[in-house]
Every structure is written in structure tokens, then in C-alpha cells.
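This document starts with one chain, in the form predicted alone, laid out as C-alpha cells.
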């Protein structure tokens, strides 16, 4: 693969072929910044008349967004007619670039793929230099919808008769991925509907409990669950047809009768049986841990290659294929989630339990698993009492003298496998139809245990004000308020705590030091978050991130440029952190009626936060 085309040469070639304005999609923010540095070092310049037009647009925008006047890239953009646009820039600067592009002042914009789905300013040409995108610190192939989003930016309505999508040679491009993206059908849309604690409180505030299930049934999430159930129902019909040859015999339920008889016969032959004491949760999950199933284990995910129980082992085991190609063994009890996603597996009797070609394909699929996948709702049913099983085994069987015995013995293995598949599909169908409602019920029970709801699902006094906190990690925040953790708190400390709760990026970097008071309170927050972990995923609670907001509020004389120099975070990331902190503080400010002191502290923190760059946008 030849090296990437130099940015200056690329734009010159596009200009010579009248393919500007163009959007050049690069692999990362750094690649966009490096491209701008290449233009800064070059002697390229656009005609003075165009430079004056760019300067005029920027001058108009400076009146509304003063931070644009101090942006270090302003002079370069004005001289070369090319700009960069990515999440590391301030919103005001990105607005300026978008306006310059709309008015036809720029020849090209270097951008990351997030631009394709986030902003509406098409160009005559889009240049695709990559076939993968960075997600969670790793690169994955672009999805079909992402490729089509990139190519869809080509062509300006009312200005271009045709748009151009150009692929450039690059070490980061796989033409098969791009071809599939341009010719394939977009991926299906998956509902991201989450039953949150504030949603439950507000639903029960507006509607009686007996109406909630009908409301949930009208959601897009339940529609998708019903669609998946319909596929399984068709499969169930096929299984019923396959079961017809194993129809009624002498016994009403000859499959179960033979299974019990065979088990009793083996016991009488003194065959050693391994005692199994799985929990109902594990027992319910085992039947779904079939080859090809995507599951979650602590801090990882994988694809099941087999489920087994070796001689002498007291617990069922699974063989997992993890991202990266590692094949590992682990107890089935360590599986934390079972996802509604399966792959075809060509099984083999020896390690790695599937054919080499299948293993390669599964490894590729394991590396490309989406960040979010729908979990399979599994209904837990209590197992029958051991005494009942023992009593059943002590019964007398007609099997030794039954005329159907040879046929039962011959057909039992196949019939039992089909029966188990029928039961598995029936349980999955039931779980899909009722899973959303069960999730609502389970979270409602938690709110009742914590005192937000009465046993009759009426909002308590606590629930009345807790429903106003409609943000991520709402349960942690309301429990902190109930524990009076914020009593007598200073605005900068409150803002620091809200920043640490709001921030969800674990990228390392350099940050200012945290004050002892904030560090002590953050320790209490961590302790409470750990106690709530069974009910709500805890936030990262990074102390270094909390220090950024604390410093910005605690030092009124600190300038935006000064704050940016205290950390290695990009200024766009700092802006989003503080804007998210403002959102969390504004939620606390709504508690004026029940917690006036805390609401006043939040109000002072909001006022101190909204200065400089943060005043430019609503």
C-alpha cells in the first residue's frame, strides 16, 4: 500500500480538477491538526480577494463569539482557505468553519468521521482516506451506514449536478470495507430505550400503575422485541413440524418418561453422578449458552464456542473466544450478560472446538462487536425440590415391558434435543414479550426499597423531588442529597463532584491538583457509588477531572487560555466537560422548593462557571 498523499498535494490536485470545496475525512483529530500544520509550513496562499472574504465573515462572527478572535488557526485559515473541524475545537470555532464552508469561502475542511453524522454542510467532493474508525481506544471497520454517511456529503443541492466521492491511497484503507459500505444495506436501527429511575418516577407521577405496561408496549423498544419474538415464533412452528414424527406413544409424555427411566436405570447400575447445585439464575442462563452466542463476562465480552462439564467438575464451564483471538475456559457462573446476538459456528470435536475457517471468521466478528447490543431478557424459574425428583426416581416404570421401548430408546436423543430447543424458544419468546415490563418492575421494587415509592407505587415525599433529577447516575445524586453529603458545600467543590460524575472518558492526561476538601468528599461519593453498584453502574469519578471544574470556579481571574494550559485536554473536551457540569448543576438547581441551600449553591456554581467561552453559547 503506498503512503498517504501529502495534504497540500491533495488539495492542490482537487483544486486543479475543480473538485473543491471538499471534505477530507481523516482517521483522528491529530491527523487533522497535522494537515493544518502542513499548510502552515507551506507557501500556499489563496488570492487576496478570497482572503478578504474570509476575514469579513470571521469579523462578523467575532461580534457574537469573541473567542474566535484569539484562535491560533485564524490566520492560517484566512491565508490558505483550508480548515480543520473536529471535537477538540471549541463550538464557536466549529460554527465559524461551518459558516465559512456554507458561504463558499473554503476549499477544503479536514475532519474526523463524526462530522458526517453531526453537521449538515455538504461539499462538492468528499475524500475518504480510511476504512476504520477509532472507538474505545481501538480501531474498527466503518459500518455500512457510516460509509454511506461519508459518501452522502458529496454534492451540494442547487449548486452541483453531481457529487464526487474520492478514495485516496492510504495505509488505513481497505477497499473491500468501502465497497461493502457503498453497495450494502445499512445496519438495522436498534432502540436505545433505557428504563431509568427518573423515568419510572415521572411515569408513576402522571399515570396509575395499571396503565404503565400498555404505555411501554407502544414503545419502539417493545416493537423491536416483538419483532425478534415473531422470528422465534416462526422457528418454533418449524420445530413443532419436526416434532410430529415423535408423536404420542403409550406414555402421554414419553420423552420425559424415558429420560427419568434412563436416569434411574443408570443410578441402579451404580454409575457415579455429579451433584449439581446451580442457582436458578445460572440454570436459566445455561440453556442460552450455546455455540455462537455473544456473552459478557467481567470487563470483557466473548463468543461461546462450547458448553461442557468435565468429569469431577462441580460447575458447568464454557469455552469463550475473546476479541483478539484468545480462546479461554471459564465457569458459566462468571457470565454476567447474555446478548441477543449469535453467530454461525461449525463445531469440531477437538480444540478450538470449531473449524479453522470458522475460528478466523469468528475472531474477526468478535473484534467488530458493537459497543451496545441488546441484552437477552432471561426469566428465572425456581427448580423443583430435590425431594420431588427423588420421589419421581423411586416410581415404577412401565418401560421394561413396554412395546414402544425400542423406538423410545432409538428416538429419544433426537426428540429430546428438539424438545429442549422448543422449550428454549418458548422461554425466549416469553422473555421478549415481557422483558421490558419486568425491567420496569424490578427497578420499581428498588425504588420502593429505597423509599422513593410506597408499596402501592405512589411517590413518597422523597420521590416527589427525586423525579426532578433527570440525568445520568440520578440515583447516586439523589442518595448523596439524602445523605446530606452536600451540606455546607462550596460551589467549586459541588461543581467538581458533578464533573467527576458526568465525565465518562478514561483517557489519561495531565491535570491540576485536587484540593483536600474535594478529595475527601469524592472518597465518600465513591463509597456510596460502590454500595449502589447492584442498582446502578457507578461513574468513573476521576479526581483529576473534578479538579478542572474546581479550579475554573475557584479562581475567578483564571482565563480560558490559562485553564487550557493546566491540562492536556483539548479545549473542545474541556468545554464539553464544563457544559455537562452546567447541565448537572441546573438539575440540582430545580430543587429550590425542597433543598433551598443546595439549590443556592448550585446557582452560584452555575454563575461562576458561565464566563468567558461558556457565555458564548446557550
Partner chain sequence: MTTEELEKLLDEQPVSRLHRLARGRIHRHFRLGKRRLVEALLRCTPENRPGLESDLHALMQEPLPAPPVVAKERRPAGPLPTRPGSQRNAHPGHAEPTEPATDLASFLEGIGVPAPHPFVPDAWQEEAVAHLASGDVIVSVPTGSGKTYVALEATRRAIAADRTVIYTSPLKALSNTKFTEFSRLFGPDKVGILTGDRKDNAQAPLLIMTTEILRNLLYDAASGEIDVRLDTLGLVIMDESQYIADPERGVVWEETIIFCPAQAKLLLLSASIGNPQDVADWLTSIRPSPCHLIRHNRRTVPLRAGYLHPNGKLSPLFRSVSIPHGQGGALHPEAKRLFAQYEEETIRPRSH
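Numbering follows the first chain given and starts at 1. Just so we're on the same page, rigid core means the largest C-alpha set that superposes within 1.5 Å between forms. Because the structure is predicted, anything quoted here is derived from the model rather than measured.
The form predicted in complex with its partner chain is left out here; the points below concern that form.
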For this chain shown on its own, do 173, 220 and 615 all sit within 4.5 Å of its partner chain in the predicted bound form, going by heavy atoms?
yes
Residue-level question: is residue 582 within 4.5 Å of its partner chain in the predicted bound form, judged on heavy atoms?
yes
Although the partner isn't part of this model, could you tell me whether residue 308 comes within 4.5 Å of its partner chain in the predicted bound form, counting any heavy atom of the residue?
no
Contact between residue 515 and its partner chain in the predicted bound form at 4.5 Å, heavy atoms?
no
Distance check, residue 333 to its partner chain in the predicted bound form, heavy atom within 4.5 Å
no
Which of these stretches, 360-368, 423-431, 239-247, 476-484, has heavy atoms within 4.5 Å of its partner chain in the predicted bound form?
360-368
Note which of 438, 159, 410, 263 lies within 4.5 Å of its partner chain in the predicted bound form, where distance is taken over heavy atoms; exactly one does.
159
The one residue among 352, 88, 291, 377 placing a heavy atom within 4.5 Å of its partner chain in the predicted bound form is 352
With its partner chain taken in the predicted bound form, which residues across 80-102 come within 4.5 angstroms through any non-hydrogen atom?
98, 102
Superposing on the rigid core, is the CA of residue 88 displaced by 2 Å or more between this form and the one not shown?
no
Is residue 542 displaced by at least 2 Å at its C-alpha between this form and the one not shown when the rigid core is overlaid?
no
Taking the rigid core as reference, does residue 188 move its C-alpha 2 Å or further between this form and the one not shown?
yes
